[in-house]
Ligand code: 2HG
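Single chain ahead, written as structure tokens, the form predicted alone.
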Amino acid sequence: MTRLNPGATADTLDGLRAFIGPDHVRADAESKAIYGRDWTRLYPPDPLAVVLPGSVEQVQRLVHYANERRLALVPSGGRTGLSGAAVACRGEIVVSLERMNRILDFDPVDRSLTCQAGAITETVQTFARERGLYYPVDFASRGSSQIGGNIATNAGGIKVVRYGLTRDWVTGLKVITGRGDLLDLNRGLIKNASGYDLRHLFVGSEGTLGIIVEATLKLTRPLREPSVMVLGVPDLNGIMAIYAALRGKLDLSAFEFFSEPALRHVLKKGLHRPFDTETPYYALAEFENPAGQATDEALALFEGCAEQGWLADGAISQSEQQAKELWRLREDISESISEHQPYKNDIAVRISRVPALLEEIGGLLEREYPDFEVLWYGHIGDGNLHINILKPKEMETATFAERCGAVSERLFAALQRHGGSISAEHGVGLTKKPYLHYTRDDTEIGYLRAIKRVFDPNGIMNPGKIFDAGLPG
């Protein structure tokens, strides 16, 4: 894809306005800066324009128009992604679905709802809760992330230990492929053994195969009076031992961890320590506790872990409000460090291999980043670690990214030896594209490219994300 000349640009925008509407095609600098980037902040946004379609028909017509003119499209949700998948930095057209944000249907018998792709995650959660049900895919950006973006990145979040990833809650999708075809996939069925399930190709596809326009989601019963414990832990191996002890006795819905340096950034924003003792690491466990029935068991587990030397202190919530405050110690980390333009590594291994991986990479990061602040946190109960390196104020962004990228090569080589993934839940996008071969071999990447050609033969859908497809255009 190449940038259009000025005359062609004006003609293209006029053509878009003819069927999207003049108020919903934006080419001003402010709109392009806002819609052309995600939370990575590593790539300066430079889209041709931003379009905000209001219907499935408009999205389909847009894709046909883009194919006719060989225009690159970048689907955009809440732009809370952390891999550059929603970045438009090469003259693409950003396709924001924020106008398509309605909940279309609810079925209490099926325990499901159907919504447009631009529906905010928290809106879906609230809708379910008001009807006595629960949508369990949850994360700190729930108030601005959109369902379509969640699906396109197969978002995980804080409840994966119990509920799994977004993929596990999508029973139907409507998508516009890169060819411009409308596909109605699986139609909300729980059981459907009628050939290939194309729905799952679009979950985690990062907008490279087409644009998700509607989704049917499963719902479940709410958690029963969850309690939250925060535990002070002397070392990372202790966290894994605590996890093994707790999940054998408690009905865990989450098991998170964070380091003391990460906690300090959150405390600067006005929160308070959960207890006086400072420890290198902290574990946060959430578990169902109806009428306090599991409290005695939780306290006994706390004492047992303390006797083993796995923890040094702890606190347990006594109310729903206290539980929310404890959760903020973990959930507010990303926001509290955003001003430092962190370089993010979002890695995963099988839970059983976490201790061995930590032993190998812990020393590597200490040696390679002596002058950078490194923060550890993540969803360790499902094998997902977040390693954030904070950019020094005086260092140029490009220099910082280059230094971190060089270390990532060694980090991912170690991860490959442990059978892990370079991206647990943030996707590949632009930031992890150079390292895809550490998780997928050449043969597998060849199949990914072939799938891309089937759904997007002209290469208009989010080109350059995940891999360089080598398609015409």
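One rule holds for the numbers: they count along the sequence shown, beginning at 1. All of these numbers come straight from a predicted model, not from anything done at the bench.
Separately, the form predicted together with this ligand exists; it is not shown, and the next lines address it.
With the partner removed from view, the residue among Lys344, Arg403, Lys391, Arg247 that has a non-hydrogen atom within 4.5 Å of this ligand in the model of the complex turns out to be Lys344. Comment: this ligand is not present in this chain, but in the model of the complex one of Ser334, Gln116, Thr208, Ser96 has a heavy atom within 4.5 Å of it, namely Ser334. Only one segment in the set 86-94, 69-77, 378-386, 193-201 has any non-hydrogen atom within 4.5 angstroms of this ligand in the model of the complex, and it is 378-386. Using a 4.5 angstroms threshold between heavy atoms, Arg142 stays clear of this ligand in the model of the complex. At a distance threshold of 4.5 angstroms between non-hydrogen atoms, Leu82 is in contact with this ligand in the model of the complex. Looking at Lys432, you'd find every heavy atom of it more than 4.5 angstroms from this ligand in the model of the complex. Though the partner is left out of this view, Asp38 does not reach within 4.5 Å of this ligand in the model of the complex, counting heavy atoms only. Although this ligand is not shown here, in the model of the complex the stretch 395-427 places heavy atoms of Glu425, His426 within 4.5 Å of it, in sequence order.
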